[in-house]
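So this one's two forms of a single chain, laid out as structure tokens and tagged structure 1 and structure 2.
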Structure 1
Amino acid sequence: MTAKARIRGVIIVGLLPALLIFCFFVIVPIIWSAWYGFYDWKGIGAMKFIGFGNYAEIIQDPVFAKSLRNNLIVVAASVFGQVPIALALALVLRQSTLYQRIIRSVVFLPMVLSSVVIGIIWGYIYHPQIGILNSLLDWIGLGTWKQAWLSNPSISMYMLAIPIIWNFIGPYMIMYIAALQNIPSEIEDASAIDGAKPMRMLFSIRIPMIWDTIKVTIVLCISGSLKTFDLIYVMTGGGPAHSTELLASYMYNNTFSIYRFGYGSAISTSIIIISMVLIAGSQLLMRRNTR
């Protein structure tokens, strides 16, 4: 056996435990859930095979369509909110002075809080009587703009997008700082000597050299947005009138509130399919942009 084959064997053996755990806890439940999606089942009793009946119902379900639209709002808010803000902060805070380390910790702080705590905090901020937001509007003379931010179906989903963006900026900022610090200083020094302005250096050197990291964060944004559940559940529970319902909360309600396990399983399978389509589309789009 050659040295290359031995190294490859060691790598395979080393990865095998993690691969088995991943298959057991991720792949098998996904297949299991997709299988339940073909049944009309209440969680107990006999299971009735109905083929693609649950999936056909999903296509005609207006609440599912509204949940999907809300999820797409969250995806857009995450991709076009978290990514540029985190990148801008990383560019400003990539040096390691004491002041910048403190600011980094402050930005990263929401990540160490549970989503339930964040939901409670923002619930008080948006509170119509004692909330900070309405008090601030009063203070700056815009009291006529005050309203019940989470009870107005026309704006409630957009208001919920704000804490979602705020919650996940920190980890993406850390990833961008690490990527920026890996850019050889000789390249930036040479471009500065050649007279490159800051914006030219950003778009011609820094962003292209961390492009792979940006693609990874966008994939994480999309996949994380489609499984958003706890923060929305704490703040609104999907209401009023399903105006803030997401696919994950709709799946949860069908499965554990009204005991439609088959339909809930079909929704969870649909979330995976939609997530894969969006991620594949984003990767294809970004690959074209690099040409």
Structure 2
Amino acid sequence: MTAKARIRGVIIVGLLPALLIFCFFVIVPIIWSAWYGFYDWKGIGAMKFIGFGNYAEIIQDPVFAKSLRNNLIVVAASVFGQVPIALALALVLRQSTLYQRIIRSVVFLPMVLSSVVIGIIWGYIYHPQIGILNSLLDWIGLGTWKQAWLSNPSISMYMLAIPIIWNFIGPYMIMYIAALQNIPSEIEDASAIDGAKPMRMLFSIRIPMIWDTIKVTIVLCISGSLKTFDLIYVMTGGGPAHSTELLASYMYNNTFSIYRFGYGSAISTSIIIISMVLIAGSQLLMRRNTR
């Protein structure tokens, strides 16, 4: 009886601080965000209930559509850029020689930098007058290719995808290395004895064996791309003319630049919904492919 009461006390004392702070700063805001999404509100003054008005506006909003499309470009760049590069690196950096460990560390390094720092560095790389990309083009005799990389709306989004790829290859590579090391060596040995060529080995054995890890990384590509904000804020602020606007930056601009708190909240909620739909969809698609 007393023992039971004591255990109860331990449970409450142990769990309560974490639970309180977590509910107050994570769970409650999410619920509120969905709630504010039903209002027309400038952050101060009266809140006007407009039901699904904000959501109806989102569906027709061309800038929202543009942001979503840009987010999908980032997803595509991650899935078709990061995943293959990370997999290729994992295949050749699987052993733990000193040299391989050094290259692995280098590939991983951008991950530990603040995205503000990354944004500013790449802002300089792309800079039209002083940028090293333009200097490089001059140096190798392709001076005619020089341009203002970030202010040309037709390419700016693709240019922004490059630092994003560069930034996040490391963790995927480490995940693939871990997965590749888990493949039982008997299987690889047996197929080698059977005369499997490296390519055949890759597509018939290694990729199917690490398929679950690949699925996880694709989920991460999707959720990561919807979170992209800092880099855009620092490098372009979403411009020029919304050409590099992403959902998170559009949410931020609506809320804190033009004070449409209700609309911003509705966008936040949409981000959660879109994220869940994309993740579920990608999982269904990949399940069918394995069968």
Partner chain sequence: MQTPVELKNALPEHRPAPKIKLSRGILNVLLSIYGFVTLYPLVWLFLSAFKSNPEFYEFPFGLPKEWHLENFADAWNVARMGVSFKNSFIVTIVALILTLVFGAMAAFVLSRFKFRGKVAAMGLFLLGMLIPIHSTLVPLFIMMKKIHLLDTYGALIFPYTAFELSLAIFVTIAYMSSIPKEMEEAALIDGTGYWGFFFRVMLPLSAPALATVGILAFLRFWNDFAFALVFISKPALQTLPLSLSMFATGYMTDYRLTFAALSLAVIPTIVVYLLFQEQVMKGMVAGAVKG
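So that the term is clear: the rigid core is the largest set of C-alpha atoms that superpose within 1.5 Å between two forms. Throughout, residue numbering runs from 1 along the sequence of structure 1. Values in this document were obtained by computation on a predicted structure and should not be read as measured data.
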Between the two chains shown, which is the form predicted on its own? 1
Going by which superposition fits each C-alpha better, are Arg69 and Asn134 assigned to one rigid part between the two structures? yes
Two-part rigid motion between the two structures - turning angle of the smaller part, in °: 39
Could you tell me how many Å the Cα atom of Phe24 shifts between the two structures when the rigid core is held superposed? 5.8
When only the core is superposed, Gly9 shows a C-alpha shift between the two structures in angstrom of 17.3
